[in-house]
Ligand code: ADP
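Before any questions on binding or motion, here is one chain by itself as C-alpha cells, the form predicted alone.
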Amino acid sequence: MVVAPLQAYDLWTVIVGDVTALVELSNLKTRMLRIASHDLKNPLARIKGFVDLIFMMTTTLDERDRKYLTLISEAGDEMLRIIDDILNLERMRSGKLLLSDINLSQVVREVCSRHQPDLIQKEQTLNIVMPDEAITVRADAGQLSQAITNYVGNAIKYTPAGGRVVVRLTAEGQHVRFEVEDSGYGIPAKAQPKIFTEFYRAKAEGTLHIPGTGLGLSLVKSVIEAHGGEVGFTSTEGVGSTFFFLLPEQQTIQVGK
C-alpha cells in the first residue's frame, strides 16, 4: 500500500497492489536455487573424488596430464564456491538469524588462522590489531564469521605476493568496527559504486586472472545489514583498499574480559 497527500486539494491518494504473485515467484526462485545447487553438488563431489583418486593411484602421469587434471579439479572447486555463495546469499535473504552472544575477537582470530596457508603461499604478512579486552556482540555466529572470512579472503586474494594485510577490530562509541586493509591492486574509481552488487567484479590491471563469483561482497552487505549494521570501503587503484563494517550500539553486549 502506498499513501501520499495531495496537498493542493486537501485529499489523499491511496494505491493498493496485490503482490501475492511476486511473493510466490520469489519463493519458487529460492526453492529452485536450493534444489539446483544441491543437485549440482553431488556430481561435482564425484568429479573431485575421481580426480583425486587418479592422482593417488597413477604414478606415470606426464606433466601435461597432471596439468589437465589440475585444471579439472580447480574448475570443480570454483563451481562449488559459486554454489556455496548462492546458497549462503539465499539463506541470508530468508531472514533467519540464530542470534547469540559471541566473542567477536575470538571469531576474528579464528578466521585469520584459517587463512594462514594462503598467506604463507603468497608470502604475505598479516597483522591483527584489536584491544586486549574481548569485544562481544549479539549476532548469528555462522553468518558473521562468513562475512569476516569474505573480507579477509578478498584482501589476500587481491593483494600481490609479498604484500601486507591488516585486520582491525575496535569498539568506537556507538559502534563496533571491523576493517581489513590491504596493499593490493585497488579498485578503479568507475567500478567502486557497483562493488557490493551481486555478480559484479571490478576489472583492474593485474586482477583478470583471479577467480571469483562476484557474490562475496554482496553476501557481506546482506549479513551486516540484517544485523542492523552498515558496510563501506575506501580504495585507490594501485595502492590498496580498506573494507569495513559497523555494528550499531545495540548489538554490543559488553566490552570486557
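Residues carry their position along the shown sequence, with the first being 1. Just so we're clear, the structure is a prediction, and the values are computed from it rather than from any experiment.
This protein has a second form, the form predicted together with ligand ADP, left out of what is shown; the following refers to that one.
Engineer: Let me know the one among Ile148, Val167, Ala155, Leu104 whose heavy atoms come within 4.5 Å of ligand ADP in the predicted complex, would you?
Structural biologist: The option sitting close enough to the partner is Ala155.
Engineer: With a 4.5 Å heavy atom cut-off, would you call Gly216 a contact of ligand ADP in the predicted complex?
Structural biologist: Flag for Gly216 set to yes.
Engineer: With a 4.5 Å heavy atom cut-off, would you call Lys48 a contact of ligand ADP in the predicted complex?
Structural biologist: The answer is no: Lys48 has no heavy atom within 4.5 Å of ligand ADP.
Engineer: In the predicted complex, does Ala202 come within 4.5 Å of ligand ADP, counting heavy atoms only?
Structural biologist: Yes, Ala202 sits close enough to ligand ADP in the predicted complex that at least one of its heavy atoms falls within 4.5 Å.
Engineer: Do Leu144 and ligand ADP come within 4.5 Å of each other in the predicted complex, heavy atoms counted?
Structural biologist: Leu144: no contact with ligand ADP in the predicted complex.
Engineer: If contact means any heavy atom within 4.5 Å, which of 71-79, 181-189, 130-138, 168-176 contacts ligand ADP in the predicted complex?
Structural biologist: Of the stretches listed, the one contacting the partner is 181-189.
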